[in-house]
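Just the one chain here, the form predicted alone, laid out as structure tokens.
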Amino acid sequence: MQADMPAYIITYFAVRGRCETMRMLLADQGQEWKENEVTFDMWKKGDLKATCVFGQLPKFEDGDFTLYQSNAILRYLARAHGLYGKDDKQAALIDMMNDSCEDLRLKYARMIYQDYENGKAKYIEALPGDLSKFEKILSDNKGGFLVGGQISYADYHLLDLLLNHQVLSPGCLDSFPALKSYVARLSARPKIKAFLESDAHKSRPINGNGKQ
């Protein structure tokens, strides 16, 4: 790692999960980071868990500064890399968008981990109700992003979610032209494209239980 690069370290399982958004953000911003990969057997032993403030991963380190909670990490990186809008009002709107992404992520995670076999079809049936809200936001904002005219940390979160949902239900964006265009455009950003095509990304399962 170059001396002038931030000493970012991500400690997490070998899955995309709650870390792929921050990995995508870092890649797109030209940042380097180190991965400390945790196996589920290591986690079950409890030693690492006992050191985590809330007993959870991911753990994020920037030099001697340590953070937990994935959305707090995203906001920290957003401030550091100019991904938080142009003023306080835009920052508040970006937080609002990220909170809505988090709502969808929680619904998705509940289905994946608690009700995949019985709940997948019902989840996919209800999905347009969630996607339509983001479709309207992107259609109304001519800047091409969730807020304003430049990418924010919430855009990386939404992109990660939409990519995951295209695996779950490949045609899920067919009725949402703004979302479909958004995914294509952001995925084509050179550094995101390279990240999505990397062996590291492709080798990581989306979720820890193998369901997707």
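Numbers for residues come from their place in the sequence shown, where the first is 1. Treat the numbers as computed from the prediction; the structure is a model and nothing was measured.
The form predicted together with a small molecule is left out here; the points below concern that form.
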Any non-hydrogen atom of Thr51 within 4.5 angstroms of the small molecule in the model of the complex: no
Just checking whether Arg18 would be counted as a contact of the small molecule in the model of the complex - the rule being heavy atoms within 4.5 angstroms. yes
Contact between Gln56 and the small molecule in the model of the complex at 4.5 Å, heavy atoms? yes
Touches the small molecule in the model of the complex: Phe195 (any heavy atom, 4.5 Å): no
Name the residue from Asn36, Gln166, Gln69, Gln31 that puts a heavy atom within 4.5 Å of the small molecule in the model of the complex. Gln69
Just one stretch in 23 to 31, 171 to 179, 42 to 50, 146 to 154 has heavy atoms within 4.5 Å of the small molecule in the model of the complex, so which one is it? 42 to 50
